[in-house]
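Just the one chain here, laid out as structure tokens, in the form predicted alone.
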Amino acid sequence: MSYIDQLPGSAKVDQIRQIHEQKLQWVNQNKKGFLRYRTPFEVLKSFPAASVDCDQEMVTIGNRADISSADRQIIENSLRSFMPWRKGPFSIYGIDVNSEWQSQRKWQRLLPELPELKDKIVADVGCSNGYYMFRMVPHKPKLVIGFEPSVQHYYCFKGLNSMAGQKNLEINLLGVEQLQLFPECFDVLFLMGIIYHRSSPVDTLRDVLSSLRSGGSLILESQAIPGTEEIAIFPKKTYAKVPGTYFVPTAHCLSNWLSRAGFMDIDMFCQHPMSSAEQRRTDWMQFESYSDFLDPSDPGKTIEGYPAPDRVFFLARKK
């Protein structure tokens, strides 16, 4: 049964199915850019794991003793095809994937404020390779849907879950802009590392609000600049070398966005400076990372001269 069949009656299922079909036709083309990620996914499908542990900082799929050294090399080669690995850590049949982000730190920060997930329908918008979706598994949600338009991340999750076999985890190739097709569908929605990439953040938050059921909860995590003023910077070209970054707000400004969008019970429960201990270059992500994005003479500023980022966490509710 497709996850679409598990959605509430309010979902615009015909339009969702149509977009799904279009996206699948797109990625099923035998083009180099698609085969680069589809091929390792097809390889990993041959190695279903007998054991999975999503309750620890490192998501563990399979054990080293379960397969031969030759098969382990095949699996590692396939996993490396998905580089750069942004989210993790994972251990797959004894292969430790040391991702750029130590994502377990973010999960630990939000865990004390985590809404009830048991038997709930959850969305993780911009889910990447699904690390946080796997971490939700011990909380027994009815269904977690990952929204991820990147072909690389889509097939990476598909590869991981083809081994992990978590039937309540699904992914699609949709983005935040398709949330309008899911009115009043979700009990909980995660929007982490997304809002500053939206050119109209309040409109995005309104779409998020409309996709939540009455009483539903939003977990929002974002870059932010330090300070108590109700302001945001709008970078001329890039922020911390990242193009496609639009508004980078203070926590107070972001709280106002949530309020203007219609959210209630808005709680900023964590704010902390970014650190190269949490986002850094590894053997599985060999490009520039956080330390390269800062002014080498003043780590309190980005390379462009803007204030260096904090990360902020909000919990908000729909009436």
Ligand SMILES: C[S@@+](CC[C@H](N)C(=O)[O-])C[C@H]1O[C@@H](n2cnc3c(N)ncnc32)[C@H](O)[C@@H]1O
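All residue numbers are counted from 1 along the displayed sequence. All values reported here derive from a predicted model rather than from experimental measurement.
There is another form of the same protein, the form predicted together with the named molecule; it is not shown, and what comes next is about it.
- For the marked spot (S128, Y132 and M192), a heavy atom within 4.5 Å of the named molecule in the predicted bound form is present in each of the three residues.
- Taking a 4.5 Å heavy atom cutoff to the named molecule in the predicted bound form, the contact residue among I225, V176, M163, L181 is V176.
- Residue R198 is the only one of R198, K158, R213, H139 with a heavy atom lying within 4.5 Å of the named molecule in the predicted bound form.
- Shown alone, this chain has one stretch from 70-78, 147-155, 89-97, 229-237 that lies within 4.5 Å of the named molecule in the predicted bound form by heavy atoms: 147-155.
- The named molecule in the predicted bound form comes within 4.5 Å of no heavy atom belonging to R206.
- The named molecule is not shown here, but in the predicted bound form it comes within 4.5 Å of a heavy atom of K106.
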